[in-house]
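Let us start with two forms of the same protein chain, each given on its own as structure tokens and named structure 1 and structure 2.
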Structure 1
Amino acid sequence: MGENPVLTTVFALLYYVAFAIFAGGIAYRIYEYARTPAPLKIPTTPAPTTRAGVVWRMFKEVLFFESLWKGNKWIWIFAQLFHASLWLILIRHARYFIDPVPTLVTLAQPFGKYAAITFVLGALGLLARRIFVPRVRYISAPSDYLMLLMFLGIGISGISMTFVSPVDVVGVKAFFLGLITFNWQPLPSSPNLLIHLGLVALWMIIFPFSKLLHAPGVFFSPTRNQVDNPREKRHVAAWALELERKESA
């Protein structure tokens, strides 16, 4: 494992644990969402009256944050900046886990390189919102600030490795490919890299237990995923149907 066997072992085990919590936690949360009763027809109006309309509404909500656009244009700008940059960063970082690298990931490299800067700007805007908007500050918990500070730490440490103190990206890729194949390779010992990887692992660990879970949760929101047809079709939750069967038996 090279010159830093202890460092390599610590981060290898950390990422195995972080991935297990991340994947297992998300799977369990989705299972909970799927089995949670939705006894009322409560789509936010104006709502679509067909299933195709619901799909279109969810598409606009997930990709373009339609409701946020209607509610607050300034916050929409920072939210889009943050999330779009995050997607570019994730696509760019896929090169560390795939060999050979797909064309899409290769094409995203120059854009993802600068997306870290816009990611930090978006996070700063969202943090300023929580600090300076009284009604948002009132409902903000300490964890809300800490998560944004964590994202800022991830972004700034990533920027430093790209523009200030470059790291051995070949060694980083070898490390992560080694984790996948259970053939551990030495991890470069750059301080910025260790901070970056430590914060990313922390993000993976807390994701299933935090408000960040709105990413998959939006698909299970009854205010968004329901057809507005209460007059045409009676809405009965699955548990209520089962109860009716037992009572009529």
Structure 2
Amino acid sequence: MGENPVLTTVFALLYYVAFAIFAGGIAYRIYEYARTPAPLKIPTTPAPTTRAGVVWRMFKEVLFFESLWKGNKWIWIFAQLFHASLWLILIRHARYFIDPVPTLVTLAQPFGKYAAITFVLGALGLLARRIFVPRVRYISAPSDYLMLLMFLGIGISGISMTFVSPVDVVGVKAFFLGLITFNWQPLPSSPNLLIHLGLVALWMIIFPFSKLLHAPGVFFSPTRNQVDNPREKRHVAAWALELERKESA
């Protein structure tokens, strides 16, 4: 398959825009969440009474989905399949952006390849629940289905490159390193690669405007990140202090 300068330009620009929206958007959301006060102590109790305890609670929540485990075992299984696979996939994909490839990424390579399959299985499970469980169907908007289809598209196109119709990965790496160093290199034009990269760019663009914000958002959730010590330590928001001052004046 040959090289196509128009295609290279389109994808290069697409990735600059997508990355700017992704990074800038998430940074802005984090700024919004961080500056919005939680004026009352509302941890879901029993809650840790120390900061270290909160870190442990959050660790269990983020890595093991502790609350979801309590809530629904099927969703937990599919969500774990999906997210644990995603971690491995992301680590494996670091090889396209870093030269020389770090040891951790090399070690993750064989797992990362097969994680694409469990990733797709996880997404299929979540999609099946959305379609077949009436309660979940009721709460699903078109965007909820489309997002899963997007992930399936990313996963299946990725699998096809690894196991069915290999692409010029050396060329892909050169393209991305070129983007990083502002020294553009031609992008191989295999269709499965273009579908894959197009959907990944879409994912990055919608991230800061969608429910995908759950990833940075969970860390800011007051019911999970607050220390249960309201009697020991007075907790007041700046706007509430202002209210007090106005009243006493």
Partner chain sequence: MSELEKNAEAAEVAEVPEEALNEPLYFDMEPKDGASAHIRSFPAVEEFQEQLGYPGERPENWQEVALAKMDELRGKFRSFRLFLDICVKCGACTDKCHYYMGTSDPKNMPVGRQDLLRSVYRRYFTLPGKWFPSLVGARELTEEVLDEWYTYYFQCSECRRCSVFCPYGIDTAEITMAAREILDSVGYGMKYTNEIITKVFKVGNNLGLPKPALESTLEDLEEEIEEDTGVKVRLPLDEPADILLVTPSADFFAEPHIDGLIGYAKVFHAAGVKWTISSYASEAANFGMFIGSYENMRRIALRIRKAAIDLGVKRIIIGECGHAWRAAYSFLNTLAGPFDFLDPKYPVPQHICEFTWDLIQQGKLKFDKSQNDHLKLTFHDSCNVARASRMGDYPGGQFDIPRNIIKAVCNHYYEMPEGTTHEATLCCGGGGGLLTDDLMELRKKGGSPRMKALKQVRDEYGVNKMAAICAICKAQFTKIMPEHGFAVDDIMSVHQLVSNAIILPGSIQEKELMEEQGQAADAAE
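Residue indices: 1-based, along structure 1. Under this definition, the rigid core comprises the largest set of C-alpha atoms superposing within 1.5 Å between the forms. As the structure is a computational prediction, the values presented were derived from the model and not from experiment.
- The form predicted alone corresponds to structure 1; structure 2 is the other form.
- After superposing the rigid core, the C-alpha of residue 17 moves by less than 2 Å between the two structures.
- Core superposition places the C-alpha of residue 241 3.0 Å apart between the two structures.
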